[in-house]
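Next up: just one chain, as structure tokens, the form predicted on its own.
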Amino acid sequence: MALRNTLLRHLRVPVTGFNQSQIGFLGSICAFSSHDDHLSKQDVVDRVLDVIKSFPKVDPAKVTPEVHFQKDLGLDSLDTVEIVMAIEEEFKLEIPDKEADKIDSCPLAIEYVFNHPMSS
């Protein structure tokens, strides 16, 4: 218990120590934002395209940021599920089934990953 209290004392951020007049309202919000290390849109695009290009049934030459999995690449619904699972692995995400069912193209996959706060 003493070790826990010591650790918590060192890990806590003293909110009362901040003076809004010194750092401003936006500065205080940015200080606690997790988006400072968030992936850039281009990083997400590149990594999503790499995942799709590495899928065995996909011709890498056909993969673009606008490609549709079934219409353009000829993949079936099971293949789409496997691609979404590979994207989850790549970005260390867990995409709920309702959301995963909607991802059927690169633009939707890119937007989902880019807008997810936990993507890495």
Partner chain sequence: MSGVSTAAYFARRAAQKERVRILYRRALKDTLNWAVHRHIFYRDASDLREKFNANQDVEDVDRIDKLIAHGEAEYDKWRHPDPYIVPWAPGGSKFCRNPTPPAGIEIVYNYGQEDNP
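This structure is a prediction, so every number in the text was calculated from the model and none was measured. Numbering follows the first chain given and starts at 1.
FYI, the form predicted in complex with its partner chain isn't displayed, but the following is about it.
This chain is displayed alone, yet in the model of the complex one of L39, L93, L49, V67 has a heavy atom within 4.5 Å of its partner chain; that residue is L93.
Each of D76, M85 and E89 places at least one heavy atom within 4.5 Å of its partner chain in the model of the complex. Not displayed here, its partner chain is approached by D101 to within 4.5 Å at the level of heavy atoms in the model of the complex. A residue is said to contact a partner when one of its heavy atoms sits within 4.5 Å of a partner heavy atom; K62 fails this definition for its partner chain in the model of the complex, lying far away. The closest non-hydrogen atom of V45 lies beyond 4.5 Å of its partner chain in the model of the complex.
Proximity of K57 to its partner chain in the model of the complex falls within the 4.5 Å heavy atom cutoff.
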